[in-house]
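In the form predicted alone, a lone chain appears below as structure tokens.
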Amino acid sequence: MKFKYSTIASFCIILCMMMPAFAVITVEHINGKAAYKDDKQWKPLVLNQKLEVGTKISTGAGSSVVLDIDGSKITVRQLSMVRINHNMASSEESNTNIGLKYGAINAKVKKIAAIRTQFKISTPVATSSVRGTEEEVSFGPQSGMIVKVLEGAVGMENANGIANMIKGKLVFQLKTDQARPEFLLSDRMGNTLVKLYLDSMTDKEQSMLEQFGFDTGANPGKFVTPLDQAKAKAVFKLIWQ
């Protein structure tokens, strides 16, 4: 009889260890006004409150909320709404999905040794997947989804299955009416470290461009010279910092 009960107890322990459990989501910090909705009514968010899957969080102007998800820190910026879509954890893996309806969030995801971590942030147009990294994600009807990587690398995939790996100075932006994201270095365009001129430009023309910039000529906004169609060669050395 004792052997039978011992066997049943051992089986129950093993079963419990194999079954996934909810990871702990705790409200770590509240700045300003924030509310949550787990059913049909919005209620004020409370410090140290435990949140469940399906809960929505909304922040007011000048407000923010910091969530702790098993050591990972999620900062919900002002005028944002997020939803906890999925949140499961076991001794072998951790799987979390945060839905961003609008606004911006910062995610600093902790990498836990010997545990497979899946942490995703979803918007209506694409999903980011991170592990042991930090990212800034925003979404709006005009700008679409913008992802900036502050540390590590982020995998991106849109509804059409187009995937990108973002890291360093790369920025992912996908608007709601586009099938493909913008050029990954689009935010660096125009931020040159040095000024470039055509080889055929005279010193006087270069000086004129320096002084008047793009306000010169009959068409303000574009500096037009007969040299616009000239060809030039340039050698670049890119240094990423």
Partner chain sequence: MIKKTTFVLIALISLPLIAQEGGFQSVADIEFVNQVADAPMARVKDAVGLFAMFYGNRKSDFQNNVALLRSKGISLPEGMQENDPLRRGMLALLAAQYLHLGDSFMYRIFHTKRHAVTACVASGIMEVSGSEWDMLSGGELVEVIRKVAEKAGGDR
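Residue numbers count along the first chain shown, from 1. Everything numeric in this text was worked out from a predicted model, so none of it was measured.
The protein also exists as the form predicted in complex with the partner chain; that form is not presented, and the subsequent description refers to it.
Enquirer: Give me the residue from Ala104, Ile74, Ile166, Ala89 that has a heavy atom within 4.5 Å of the partner chain in the predicted complex.
Expert: That would be Ala104.
Enquirer: Can you work out which of Gln118, Asn85, Gln78, Thr127 has a heavy atom no more than 4.5 Å from the partner chain in the predicted complex?
Expert: Checking each option against the partner chain in the predicted complex, the one that comes within 4.5 Å is Gln78.
Enquirer: Please determine whether Ala34 contacts the partner chain in the predicted complex, using a 4.5 Å cut-off between heavy atoms.
Expert: Contact check for Ala34: yes, within 4.5 Å of the partner chain in the predicted complex.
Enquirer: Within a 4.5 Å heavy atom cut-off, is Lys43 in contact with the partner chain in the predicted complex?
Expert: Yes.
Enquirer: Using the partner position in the predicted complex, report whether Gly60 sits within 4.5 Å of the partner chain, counting heavy atoms only.
Expert: Yes.
Enquirer: Please check if Ser138 has a heavy atom lying within 4.5 Å of any heavy atom of the partner chain in the predicted complex.
Expert: Yes, Ser138 lies within 4.5 Å of the partner chain in the predicted complex.
Enquirer: Quick one: which of 152 to 160, 90 to 98, 138 to 146, 118 to 126 gets within 4.5 Å of the partner chain in the predicted complex, going by heavy atoms?
Expert: Among the candidates, contact is made by 138 to 146.
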